[in-house]
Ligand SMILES: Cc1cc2nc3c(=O)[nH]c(=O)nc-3n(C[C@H](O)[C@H](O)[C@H](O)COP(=O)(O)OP(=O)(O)OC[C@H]3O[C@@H](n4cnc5c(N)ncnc54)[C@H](O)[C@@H]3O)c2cc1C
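Consider the single chain below, provided in C-alpha cells and representing the form predicted on its own.
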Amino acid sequence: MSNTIKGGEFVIKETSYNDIFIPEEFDEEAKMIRQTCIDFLDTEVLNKLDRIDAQEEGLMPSLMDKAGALGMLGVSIPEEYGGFGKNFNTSMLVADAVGGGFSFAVALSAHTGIGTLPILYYGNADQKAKYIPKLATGEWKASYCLTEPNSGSDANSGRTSAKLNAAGTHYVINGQKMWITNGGFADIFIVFAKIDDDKNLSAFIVEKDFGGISMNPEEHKLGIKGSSTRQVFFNDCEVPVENMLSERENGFKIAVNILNIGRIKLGAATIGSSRMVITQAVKYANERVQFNLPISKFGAIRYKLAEMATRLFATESAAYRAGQNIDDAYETLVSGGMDEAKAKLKSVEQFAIECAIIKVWCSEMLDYVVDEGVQIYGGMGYSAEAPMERAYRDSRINRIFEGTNEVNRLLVVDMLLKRAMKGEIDLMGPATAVASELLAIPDFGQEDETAFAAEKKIIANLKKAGLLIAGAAVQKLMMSLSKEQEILMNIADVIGYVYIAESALLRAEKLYHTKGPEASADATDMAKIYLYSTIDKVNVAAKEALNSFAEGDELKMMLVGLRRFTKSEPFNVKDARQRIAKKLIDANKYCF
C-alpha cells in the first residue's frame, strides 16, 4: 500500500487502484473474527430483539459480558491489556459485522469506541493499566458524557463544572449530561467539564462508585429502544485528581478526535445493517406473489433491490479505503518514531475529512435502504410483526449520532480549506488551473480505450467541477464564505459524492485486474451505476452553488465549464441494474 496520500488529497490527486484496500482482501483471520461476530448476533441477539427493546433487566449487560468473553470488545486493544491488537480496518470489520444487531450494536459501539478509546489513547500508564483490561473483557462497561441540554453540536459550550477541593486531592464535578448511551448500566463515565473559568473542556475518568451520580429514567425514543439512554446528574461527585484524562483543557481535543473515530465506525456499522436489510428484502420479494408472480419479477422492485445494493457497494468501498489509509498513516508515523497511542490518533485525525464523508454518506445510504425495504414489504413493512419496522426506526438516529450530517458536511469543507490555508494541501493551484482551463479550447485528443479510462476521466472532471465552485466561492466570498452554509453544503455534496464514486470505481478496477473481467462484472456494473447518478448530483449541487454567488458573464462562463465537466457518454443504467437485481434474486441474499 502507498503511504503518500494525505487526508483530503483525493480532491486534487488521482488515486491508483494499487494504492487502495478493498474488502475482498481481508485475510482469513479477519474473516474469522467477522464470522464470530455474525454468529454471536444469530445465536444471542437477533432472537431476543423484543426483549432487548423492552430493556429487560440485566439483559444488555449480560450480552456485553458474553461478547467480552469472545473477545469482541477487545479487537483493537493491545495484547498487553488483554485485547487482540488488531489494526484499524479489522476493527472496522467488527463494527460492520455487529452493525446488524440493532440496539446491541449501539451499546457495543459506544463501549468499545467513545467509552474505551479516550482512556486507551489519552490515558497515562497507570490509567490504562487500571481500566483497559476490565473494559476489554466487559467486566466494566463504559459510557461517554459530553452532550448537555444546551450544548449539542457546540460541545465546548458545556456548563458542567469541575473544582479542585481545598485539600487538592479531588475535583468536585457538578452538572447535567443527556443522551448518555449505556448510562443505565455503565461502570465508567468519560466526563467532560470545565475547571473554574477555563475556555476549553477537560476530561475525567469517573467511576460509578465515586458517588454523587444520579440519573433520570430511561428515555423513550423513536428507535434503538433497547439502548440505555439516560440523563446523568453529577452532584458534588468527587473524582481523584489522578483521574483527569490527559492535560487540563485538552478535553475538547479529545472529544473531537474520538468523534472522528466514531464517525467512520458508525459508517461501518450502517454497512452491516444495510447488508442484512437487503437480504431480508430480497427474500421477501422472492416469496411475495402478486398477479401470479413473485414481486421480484417486476421491474420497479428490481430497480429498488439493485439501487440498494449499489449504494451499499459504493459506500462500503469508501469505508475500507479510508480505513486502510488510516492504517497506512499509522505505520508511517510509528516507523518514524512516534508513540503508538499518539500515532493512532494522528492517523485518524489525518483522515478526518474522509471520516466525516463516510459518516454522512453511509448513514444516508442506510436510510435509503431501510426506506425501500419497507416499500418492498408493502403493508407488512409497516407492521411491527415484520423486520422492516424496527430497521426503519433504528436507522434514523445515525444521521444525528456523532455530529449531525449537516455539521459533518460543513466540517468537510472547513477542514479542507483550513488545510489549504496551512499549506498542507495545494487547493488553490489546481483550482486556478481549472479556472484557466475554462478559457482554453477543449481537448479533443484521441480517446484512451483502456479499461475504465472513460470513467476515470469522468471522475477527474467531477473533481474539476468541485475545484471550480470551491475556488470561485473562496475568491468571491472570502471571509464571509464561512457564513454561507448552503453553499458550503453544496461544495460538500460534490466532494462527498466524488469520493464515494471514485472509491467504488477503484474497487471495481482492482477486481478487474486481479480477478478478470467476468469475475468483476458485478462490481463494474455497480461502480458505473453509482458514477452515472453522481454526475447529475454533482451538476445540481455545483449549479446551485454558482447561481448563489456568481452573476453575469462570469456565471455564464462557469456554467459552460460545469457542463463540460459533467458531460459523459450514454450508459444503459436500466440493463446494469437488471443484471445486479438478477444476481441478488438468484442468490436470495445480498451477495456482493
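A residue's number is simply how far along the shown sequence it sits, counting from 1. Just so we're clear, the structure is a prediction, and the values are computed from it rather than from any experiment.
Beyond what is shown, the protein has a form predicted together with this ligand; the following relates to that form.
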In the predicted complex, does residue 328 have a heavy atom within 4.5 Å of this ligand? no
So in the predicted complex, is this ligand close enough to residue 145 to count as touching (4.5 Å, heavy atoms)? yes
Give a yes or no for residue 420: in the predicted complex, does one of its heavy atoms lie within 4.5 Å of a heavy atom belonging to this ligand? no
Answer for residue 221 alone: is it within 4.5 Å of this ligand in the predicted complex, judged on heavy atom distances? yes
Select from the listed residues 332, 404, 279, 246 the one whose heavy atoms reach within 4.5 Å of this ligand in the predicted complex. 404
Just to confirm, with a 4.5 Å cut-off on non-hydrogen atoms, which of 229, 89, 160, 315 contacts this ligand in the predicted complex? 229
For this ligand in the predicted complex, the stretch among 502 to 510, 176 to 184, 465 to 473, 94 to 102 with residues bearing a heavy atom within 4.5 Å is 176 to 184
Residues within 4.5 Å of this ligand in the predicted complex, restricted to 21 to 59 and counted by heavy atom: none
